[in-house]
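Below sits a lone chain in structure tokens, taken as the form predicted alone.
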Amino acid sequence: MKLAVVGAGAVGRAVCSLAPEYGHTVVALSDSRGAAIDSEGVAFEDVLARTERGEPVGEETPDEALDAPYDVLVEATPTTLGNAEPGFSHVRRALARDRHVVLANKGPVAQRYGDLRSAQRESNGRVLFEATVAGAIPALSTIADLGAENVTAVRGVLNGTANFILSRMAAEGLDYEHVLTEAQDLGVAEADPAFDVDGTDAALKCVILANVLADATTADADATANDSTAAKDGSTTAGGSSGRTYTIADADVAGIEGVPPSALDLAAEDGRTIRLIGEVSDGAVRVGPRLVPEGGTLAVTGTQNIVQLETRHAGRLNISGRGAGGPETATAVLADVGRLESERGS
């Protein structure tokens, strides 16, 4: 498959680096200042050399990258709230050309899910977004394999920065500010860690999960309505065109800034610890510090993530691993590209 990668951060660069191993060719790579475009494949080493000199990734404009001869647009620009721009416009433009889209950017899925699905219905392209939830962990593909209608709830530890901070506070008795500084020195936390520590990042991932589960509920309801209508007049309508969609405004969110070491000490005395837990259940989205059993499945340490699925027929399933990082997230992006390639070949 020929890929155009929009966004030259850690994930975008990792996709470019790993794509040849997966049998794909990157024909365009853009950042906010420029683009490198080559229908035979972008010379990634040259791009890296340019960025190391502080130059744009290439001499073409970012807009030209969106017109490159690609099969799949990989949208890896930073997540934005509100109208999810410019990511959403990039997606819509690719779909207008009947191209596929793979998202690492959470914004369009978390903030404009209805618009995203509407644009997809009008295109021959598809939108996949495994990388938007829990990095390398195959959470969305597992839900798809089970059937989203068979998943009754999802919860988990969905932010590695917050988990590292809480793990270190519990293990060493250190205060929040001390561990945050350590995390920043180690590159585990951003210079501005607000999205991670205030629960926003985990909430965005939970909103995406809520939209996926709601999509399945809507499809079931539409199918039932279609059956009833068809029985009367022989007509059907497209499923998934109505029903609830979620944004971060629908989430109840609390972060970890106010968790004192004393709370972790008290929890430990009772055989428990504190983790930032995101949960989607009964139509609600909640994120906040929660008491969990010490040594239990949700008490993952360091930057590890875990996704816990409650299912109708298979009980409780746990999937854990690296929830962030350039190469880790790029594997999820390229897994989606592989799915699109398989569908094209079938």
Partner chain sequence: MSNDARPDGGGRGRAYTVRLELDDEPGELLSALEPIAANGGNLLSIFHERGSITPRGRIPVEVALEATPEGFETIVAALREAGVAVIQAGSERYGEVLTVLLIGPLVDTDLSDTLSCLERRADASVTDVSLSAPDGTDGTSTARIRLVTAEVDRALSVVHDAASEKGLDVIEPLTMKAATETDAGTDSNTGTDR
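Numbering follows the first chain given and starts at 1. Just so you know, these numbers come straight off a predicted model, no measurement behind them.
There is another form of the same protein, the form predicted together with the partner chain; it is not shown, and what comes next is about it.
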- Quick one: find which of 124-132, 147-155, 104-112, 77-85 has residues within 4.5 Å of the partner chain in the predicted complex by heavy atom distance. 147-155
- Message: Counting heavy atoms only and using a 4.5 Å cut-off, do 258, 262 and 272 all touch the partner chain in the predicted complex?
- Response: yes
- Query: residue 314 near the partner chain in the predicted complex, any heavy atom under 4.5 Å?
  - Reply: yes
- Message: Even though the partner isn't displayed, in the predicted complex is residue 320 close enough to the partner chain, meaning a heavy atom within 4.5 Å?
- Response: yes
- Is there a heavy atom of residue 279 lying 4.5 Å or less from a heavy atom of the partner chain in the predicted complex? yes
- Query: Do residue 38 and the partner chain share at least one heavy atom pair within 4.5 Å in the predicted complex?
  - Reply: no
- Within 4.5 Å of the partner chain in the predicted complex: residues from 273-304 (heavy atom criterion): 274, 277, 279, 281, 286, 289, 290, 291, 292, 293, 295, 296, 297, 298, 299, 300, 301, 304
